[in-house]
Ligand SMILES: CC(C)(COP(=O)(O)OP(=O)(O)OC[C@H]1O[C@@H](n2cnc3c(N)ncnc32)[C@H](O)[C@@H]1OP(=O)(O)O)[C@@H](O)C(=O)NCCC(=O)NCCS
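One chain comes next, on its own, written as structure tokens: the form predicted alone.
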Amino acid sequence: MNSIIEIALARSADVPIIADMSRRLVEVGLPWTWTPERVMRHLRHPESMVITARSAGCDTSTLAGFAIMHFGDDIAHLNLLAVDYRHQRLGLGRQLINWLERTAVAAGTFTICLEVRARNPVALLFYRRLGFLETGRVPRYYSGREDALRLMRDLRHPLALPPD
């Protein structure tokens, strides 16, 4: 596995890879909604941020993960986060979230919310370990098929962000 991880803003060339990763890693068993067109809209939207994590090896660079977040006036909404299977459980998801949280605070946004499949215990544990709290349940949120749990994290607490 490649070792060096670089987190940066996504590029147009990343869009089809991000869309494919969403279909393979997030939207399993659901209709594909994060198509290249939708990802591109977020990439171009001035209030959205699409970031990537690249694993750099000797002579190649691999997209290891990504996140998409939309910034509102008071709340940022994490739309999508995925880490390729080969790079999971190495802290990469945490690095992506940390990057987005710092960006939110710099923008004056101190609350992040998201939805996660109610039947995804791994994702729920991941977000809970990062300090996200459950705020509600949305029946049939995912294509009318699966419930979602709404989670929220308040970044105003002095210990909310890890040290630089």
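Note that the structure is a prediction, hence the values are computed from the model and not measured. A residue's number is simply how far along the shown sequence it sits, counting from 1.
Unshown form predicted in complex with this ligand; subsequent notes refer to it.
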is_contact(residue 72, this ligand) in the model of the complex, heavy atom dist at most 4.5 Å
no
Residue-level question: is residue 130 within 4.5 Å of this ligand in the model of the complex, judged on heavy atoms?
yes
Is there a heavy atom of residue 152 no more than 4.5 Å from a heavy atom of this ligand in the model of the complex?
no
With a cut-off of 4.5 Å between heavy atoms, is residue 76 one of the residues that contacts this ligand in the model of the complex?
no
Sort through 101-109, 131-139, 117-125, 39-47 and report the only stretch with a non-hydrogen atom within 4.5 Å of this ligand in the model of the complex.
117-125
Counting only non-hydrogen atoms and a 4.5 Å threshold, tell me whether 5, 53 and 67 all contact this ligand in the model of the complex.
no
Taking this ligand as it sits in the model of the complex, which residues of 88-112 have a non-hydrogen atom within 4.5 Å of it? Please list them.
88, 89, 90, 91, 92, 93, 94
